[in-house]
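Given as structure tokens, the chain that follows is alone and in the form predicted alone.
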Amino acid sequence: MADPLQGAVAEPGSTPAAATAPAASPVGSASSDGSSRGRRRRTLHGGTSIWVALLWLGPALLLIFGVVVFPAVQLVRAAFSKYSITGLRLGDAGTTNFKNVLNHSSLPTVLANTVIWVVVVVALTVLISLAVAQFLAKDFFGRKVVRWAIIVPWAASLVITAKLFTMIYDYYYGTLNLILTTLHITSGPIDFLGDDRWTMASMILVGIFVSVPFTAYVFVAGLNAIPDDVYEAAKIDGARPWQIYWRITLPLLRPAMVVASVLNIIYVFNSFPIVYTLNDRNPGFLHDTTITFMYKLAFKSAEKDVGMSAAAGIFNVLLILIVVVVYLRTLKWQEQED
């Protein structure tokens, strides 16, 4: 019977089989490796993989094109076009629409209203949300139910919420006037949405009401991300509660505050349902912001000019971008100084 190790052990004086076998060509192995890499590259970056990626990304890309890109192109096209009062395009208008918007008599009032609306709503929303977040972050009985209840104003439709406040503010049968007159806080009902002294304040209250839930939840997430060891170390060092909050909580909560502030700036700038629903019955542009100013130029003003409305829309987008960029740059400068 043949020994299975006979071929593996060389006899004395003989040349091993491995030594006599021709060596593998390094050129051949290199070419083999190169071809395999090429096949892998074609598999990863070739036409098949691109089409597969487009197959998965196609619905999202179509949605982005239909909801963002196409309307943006049409907005720019309309801003440089002339339209009839019925909305028919009559030809090119050049920069006339932009000049008409800048020369509009109500533009200073609209810009002032926009600044007051955005600054006050965002600032008060952040301050109130900080307090609400501190409360929601604590462990207490029924916390889950309270968290569910607070999210309702943000989850509900803005039109429904605005209509609800329209009934609350109503001069004749509104709940707020009933409470104020019953408690003798006011001698009579107040026209919250018709009196120029109260209209902006009434809209700001609704803006804060619908913005606080989302902002508070962002702050709760930020508070939960802060390690407990940091607070324990501060207490051991003898820090007081207000020192812990000012020196530890707020600095560590800063990323969440930046995100919430930027999103609220964009959100409040474009809050059409609240401003329009509460201010619908008032003629002119006395209490309008840039978003409702743009709408009224096309459909509810004496001009009824789609081209001017489109130009105002472009100005509105640019204004939002400028405000956000300035805000972020200011925060960056403060970080560099710190």
Partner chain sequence: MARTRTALIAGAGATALVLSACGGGSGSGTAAGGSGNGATKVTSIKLVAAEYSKDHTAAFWKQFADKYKAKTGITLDVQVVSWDSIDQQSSTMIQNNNPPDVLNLNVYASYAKDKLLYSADEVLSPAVKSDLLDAFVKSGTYQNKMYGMPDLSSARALFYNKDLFTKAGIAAPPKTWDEFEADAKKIQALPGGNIGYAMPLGPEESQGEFSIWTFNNGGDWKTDGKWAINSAKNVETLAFMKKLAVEDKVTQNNPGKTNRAQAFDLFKSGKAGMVVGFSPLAGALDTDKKVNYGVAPMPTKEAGGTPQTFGVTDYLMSFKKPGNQDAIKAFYDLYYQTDQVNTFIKDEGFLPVTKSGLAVFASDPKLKVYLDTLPNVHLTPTDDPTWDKVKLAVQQNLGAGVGANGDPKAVLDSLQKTAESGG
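Just so we're clear, the structure is a prediction, and the values are computed from it rather than from any experiment. For the two forms, the rigid core is made up of the largest set of C-alpha atoms that agree within 1.5 Å on superposition. Positions refer to the first chain, counted from 1.
The discussion below concerns the form predicted together with its partner chain, not included here.
Looking at its partner chain in the predicted bound form, do all three of Tyr173, Asp195 and Pro283 come within 4.5 Å of it through at least one heavy atom?
Contact check passed for all of Tyr173, Asp195 and Pro283.
Only one of Phe98, Phe209, Tyr83, Tyr267 has a non-hydrogen atom within 4.5 angstroms of its partner chain in the predicted bound form; which is it?
Exactly one residue meets the criterion: Tyr83.
Among 123 to 131, 165 to 173, 110 to 118, 229 to 237, the region lying within 4.5 Å of its partner chain in the predicted bound form by heavy atom distance:
Of the stretches listed, the one contacting the partner is 165 to 173.
Is Leu55 close enough to its partner chain in the predicted bound form to count, meaning some heavy atom within 4.5 Å?
Leu55: no contact with its partner chain in the predicted bound form.
Counting only non-hydrogen atoms and a 4.5 angstroms cut-off, does Ile291 reach its partner chain in the predicted bound form?
So Ile291 does not count as contacting its partner chain.
Give a yes or no for Ala302: in the predicted bound form, does one of its heavy atoms lie within 4.5 Å of a heavy atom belonging to its partner chain?
Judged by the heavy-atom cut-off of 4.5 Å, Ala302 is in contact with its partner chain in the predicted bound form.
Taking its partner chain as it sits in the predicted bound form, is Leu62 in contact with it (heavy atom to heavy atom, 4.5 Å or less)?
Contact check for Leu62: yes, within 4.5 Å of its partner chain in the predicted bound form.
Taking 2 Å as the cut-off, check whether the CA of Pro283 shifts that much or more between the shown form and the other one after a rigid core fit.
Pro283: C-alpha displaced by less than 2 Å between the shown form and the other one.
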